[in-house]
Ligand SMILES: C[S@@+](CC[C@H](N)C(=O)[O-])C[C@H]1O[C@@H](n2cnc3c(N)ncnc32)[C@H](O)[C@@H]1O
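Here's a solo chain for you in structure tokens, the form predicted alone.
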Amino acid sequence: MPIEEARIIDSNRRQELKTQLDECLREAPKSITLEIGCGHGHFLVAYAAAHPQEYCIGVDIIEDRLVRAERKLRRAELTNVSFVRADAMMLLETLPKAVRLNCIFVLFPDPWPKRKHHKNRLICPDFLNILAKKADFGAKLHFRTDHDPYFQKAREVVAEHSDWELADATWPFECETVFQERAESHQSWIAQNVVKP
């Protein structure tokens, strides 16, 4: 695909995403909960039902997963959740400036286990930079995986990042996801945003 055509597609997608976010956040509080890689919506629908005072957004890149998530949302009759199809970085870059993240969940992301694919892992310095800029001071990032090497590396990346510190906190809400159900075991960490506004 020619570079100019790719730019136009990217620009159009960002505009569509901005319109979608403006619509779903119109009545929402200015501090939200975000699940990156929400899959079929199991976790976020249950979380939103248990936390009606919070507004939640789930983002995923696979449309079929979001169709299933929307069905769960309709059955639950919740009004404090929206699902959006987007790349996580694009969503963060497009999020309205007035909206802040209070709570972020990254549950069982693709570990990209082959060394040559490690550059595709979500938990990296660039992601943590933009996430810190969009998050409230003290906002928590919750990470869970069943892939030990990714757990160790992601924890190391967060521990070395100046905008985040690993927190001694209790996991706030349990709801077994599809990936968690399939996993023999899993590990979790929580980090806290230390960037003051």
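Residue indices: 1-based, along the sequence shown. This structure is a prediction, so every number in the text was calculated from the model and none was measured.
Absent from the display: the form predicted together with the named molecule. The rest refers to it.
Just one listed stretch, out of 158 to 166, 47 to 55, 34 to 42, 133 to 141, contacts the named molecule in the model of the complex at the 4.5 Å heavy atom level, and that stretch is 34 to 42. The named molecule in the model of the complex comes within 4.5 Å of no heavy atom belonging to Ala28. Among heavy atoms of Phe179, some come within 4.5 Å of the named molecule in the model of the complex.
At a distance threshold of 4.5 angstroms between non-hydrogen atoms, Phe83 is out of contact with the named molecule in the model of the complex. Contact between Glu93 and the named molecule in the model of the complex is not found at the 4.5 Å heavy atom cutoff. For the three residues Ile62, Asp87 and Leu107, a heavy atom within 4.5 Å of the named molecule turns up in the model of the complex in every case.
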